[in-house]
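Starting off, we have a lone chain in the form predicted alone, written out as structure tokens.
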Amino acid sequence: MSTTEVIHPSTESDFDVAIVGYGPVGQALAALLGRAGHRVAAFERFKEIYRMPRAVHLDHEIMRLLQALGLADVLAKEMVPVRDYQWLGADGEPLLRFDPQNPAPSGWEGSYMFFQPELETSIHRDACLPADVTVERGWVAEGLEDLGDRVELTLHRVSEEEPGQLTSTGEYRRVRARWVVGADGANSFVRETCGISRRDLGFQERWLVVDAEPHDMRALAHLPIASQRCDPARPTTVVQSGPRHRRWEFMLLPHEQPSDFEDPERVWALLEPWYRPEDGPLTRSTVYEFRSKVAERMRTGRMLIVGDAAHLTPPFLGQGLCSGLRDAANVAWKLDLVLRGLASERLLDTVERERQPQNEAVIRFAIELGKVLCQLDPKAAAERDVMLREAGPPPPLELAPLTAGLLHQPIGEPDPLAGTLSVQGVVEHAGQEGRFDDVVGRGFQLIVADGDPFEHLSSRHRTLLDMLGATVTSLDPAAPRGVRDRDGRLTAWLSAHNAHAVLIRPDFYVFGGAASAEAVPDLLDDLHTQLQIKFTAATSGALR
């Protein structure tokens, strides 16, 4: 730094968590930690929310996360549910059709299309600000040092005279935090500074992405909400991004260059079968390179990475942002326990063991779908269409469960529920009817099929549940802590797995199940052992 540069030192520990990057993943993580009572700051280089859409798809699991932030019901009005996702063959006729569940396991419709700037605005205004998250825009991270008990982050203030064009102000500052999380995208400064390498899974294609804001959406009502056109002449994606926007994506052919589409006439020529200038303006037209990469680690010391900083997926499954938001949900509850002194920081080593295998499975599935879509040889495309049509309807689009990490590990047979995504049903309690999380509560959830959920639990087990802030519920309305299972989905879920009880983590994944009431203590003992929670002297006294 030159002698003219201004440096503002900070206090010993400004924040519990500093987040680099304030897109939806950084926002969700900040809101979850802020709501838990921690001092959180997010630093973003750009002055305002990026006004161009990027991601356009969310699934039911992410809607449950937005529900936890108090946003889902409002945002659902700004989203369009996907009830028919079609892939069309080279001849323009149906090739594959994916029918999302309704309701899906998380209690929402299976898939939604949305407009990202509206999502970011809502998370910031309605979740982060009420949670007292400190949001500082116009700061670029340029230095990172792990001091053992905290991290020092060096930030550089920049100005933005033109959108996206940043210039130095010569002002720097240092911020210290107990933990730093990089939610700073594909070119992550945090990842690079930590020396974390990435594996390339082999997919790389260039696509032209075109977004439009039609004058009259009703005039385009004949277009699909979501579709893929597997045309070897030009593979194309046609989707609606929320109630007021449309998107087209066109694969670049081998002889084409991104500069070829700087000419608006060439872009309009591609759009002509669906959309013309008189239908409304284009809000953005740019070429993206779709990649497939997985970071070798998600944690180094007191620094973690999430979202695109940790993994890149082709868009054909619509899971890029969803995967990042799952990272945020996973990291949030673990950092909360560590910050509260309830769990060792070793708990954070499970983030990578849980998230990256699922992220890689998502990426590989998206690559396989990309191979179907991106076939440019007409003969091979025709053979593909015959094979897929003869194969019949595809299986439901389901994500792989968690296979390692903080999951129940019973002696003998494996727990079939451990690592699977939990079900959210509609219940009634004390005159209130609604989705389980809203009526009963969030965080750790212990749900039993019938009877008193505390019947076989010792005072030590009850204290563990209290320390974790867990909700404890029976699906027997006459039992203590009982609720009425209005839609029967929770009862059916437990019955299908021959389970009397299920213990759900705050990120909605199942820690484990118990076949009988007598087995519930063992389930809680395993959670206690894996979390390595130590009861305080005051707690021990309360247990005697």
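All residue numbers refer to positions in the sequence shown, first residue = 1. Everything numeric here is computed off the predicted structure, so don't read it as measured data.
Only in words, not in the display: the form predicted together with a small molecule, which the text now covers.
Here the chain stands alone, but in the model of the complex its contact with the small molecule, taken as any heavy atom within 4.5 Å, falls in 43 to 51 among 472 to 480, 43 to 51, 509 to 517, 485 to 493. Within 4.5 Å of any heavy atom of the small molecule in the model of the complex lies no heavy atom of His38. Although the partner is absent here, Glu249 is a contact residue: one of its heavy atoms lies within 4.5 angstroms of the small molecule in the model of the complex. Looking at Phe290, you'd find a heavy atom of it within 4.5 angstroms of the small molecule in the model of the complex. Heavy atoms of Gln319 reach within 4.5 Å of the small molecule in the model of the complex, making it an interface residue.
Out of the listed residues Val140, Leu342, Leu369, Leu220, Val140 is the one that sits within 4.5 Å of the small molecule in the model of the complex by at least one heavy atom. Taken together, the three residues Gly405, Val448 and Leu527 lack any non-hydrogen atom within 4.5 angstroms of the small molecule in the model of the complex.
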